[in-house]
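A lone chain, given as structure tokens: the form predicted on its own.
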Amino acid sequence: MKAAVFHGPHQDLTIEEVDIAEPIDKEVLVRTVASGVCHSDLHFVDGLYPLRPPAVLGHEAAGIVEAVGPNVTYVRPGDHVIGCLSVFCGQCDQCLTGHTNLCSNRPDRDKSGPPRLSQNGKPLIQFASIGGYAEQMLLHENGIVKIDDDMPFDSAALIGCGVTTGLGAVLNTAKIEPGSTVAVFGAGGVGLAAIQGARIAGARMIIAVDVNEFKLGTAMELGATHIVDASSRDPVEALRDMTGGGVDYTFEAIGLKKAAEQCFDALRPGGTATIIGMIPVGEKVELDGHAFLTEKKIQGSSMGSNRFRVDMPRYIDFYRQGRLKLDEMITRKGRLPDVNEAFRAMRAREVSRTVLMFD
């Protein structure tokens, strides 16, 4: 099969022939139909997070089951599925207490056996246990969710990461109340999903904070009631002025230390900041210790605190009801060889999401 292979940071991915193993045990072979280009992949391409090459990136994908291992009971060939990097074991303490996204014993192939992906007999890393920039994916049964055949694959792919991460941070991690005030720092794919989550949850004021006019315009189309252009004004002061002293809930969806600190500073007493973005390894978020006397809170969110087998079908229902805008989040579509152009457009802040189509 063809796949986009990562050979190291600051290098273009190259389209190469890669071998994929037959499914064993609880593995499922999926033909990739759509794969979203998520900013998390760009972190590795740009060297902000370490990843040992060679590897097949991509982790926001949907497709059709082609074959299953002998112990698979959840799906069969022909089923349409979304892959999710929150693959779970179902047996550890985190899974048994309802936190499958934090599974401490994620299932994988026995390292003593053949790898899922290889090239010329040498193993390749399957990024996030998905490797979605490839014509096929070999996934664990507990890393997929079945979807109806009439759900468009391009929109379904977005649910695999960005939408679940942003929407879930609002609905699951922060659990915002109807009537609350919300500010989202960063109006990329994840931020737009968080904005929509705030709208779905009934926030009365949803403020998008960004430095890009295109992204702020898209945020208004998808549910923001107000915007702050952080390139021309201090976002903390702006948010305090707009809300009469501070925001109930803030969400950082960029992965910037400064933005995380601003999220905390912009809170009202008793407010909660949720950090969604991937702040680079080794960077420290610095906060005013005295502010904790006002009962401000800061917390992280991993993949929207998802229970994806339950959450993703709900998000599809939101989409069908017109409450969750997915088609509108897709700025461009391309093919697998367009992956490097998708990264360039993301760096240039020209897109909300690019989706690579394989059919």
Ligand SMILES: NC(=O)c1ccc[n+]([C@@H]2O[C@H](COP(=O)([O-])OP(=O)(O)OC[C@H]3O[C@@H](n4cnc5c(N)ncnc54)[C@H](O)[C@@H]3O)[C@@H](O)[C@H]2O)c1
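Sequential numbering from 1, following the sequence displayed. Since we're looking at a predicted model, the values are computed, not measured.
Keep in mind that the form predicted in complex with this ligand is not shown, yet the notes after this line are about it.
> So which of 67 to 75, 88 to 96, 273 to 281, 238 to 246 is the stretch with heavy atoms within 4.5 Å of this ligand in the model of the complex?
Correct option: 273 to 281.
> Identify which of I254, A156, A134, A219 has a heavy atom within 4.5 Å of this ligand in the model of the complex; exactly one of them does.
Residue within 4.5 Å of the partner: I254.
> Only one of L336, L13, V18, M346 gets a heavy atom within 4.5 Å of this ligand in the model of the complex. Which one?
Checking each option against this ligand in the model of the complex, the one that comes within 4.5 Å is M346.
> So, P54, N105 and Q126: all three within 4.5 Å of this ligand in the model of the complex by heavy atoms, or not?
Not a single listed residue reaches this ligand in the model of the complex, so no.
> Is the gap between V190 and this ligand in the model of the complex 4.5 Å or less for some heavy atom pair?
Yes, V190 is a contact residue.
> Examine A198 and determine whether its closest non-hydrogen atom to this ligand in the model of the complex is within 4.5 angstroms.
Judged by the heavy-atom cut-off of 4.5 Å, A198 is well away from this ligand in the model of the complex.
> Since only the chain is shown here, I'm wondering whether N212 would be in contact with this ligand in the model of the complex (any heavy atom pair within 4.5 Å).
Judged by the heavy-atom cut-off of 4.5 Å, N212 is in contact with this ligand in the model of the complex.
> Give a yes or no for I176: in the model of the complex, does one of its heavy atoms lie within 4.5 Å of a heavy atom belonging to this ligand?
It does not: once this ligand is placed as it appears in the model of the complex, I176 has no heavy atom within 4.5 Å of it.
> Quick one: which residues from 31 to 51 get a non-hydrogen atom within 4.5 Å of this ligand in the model of the complex?
C38, H39, S40, H43 sit within 4.5 Å of the partner.
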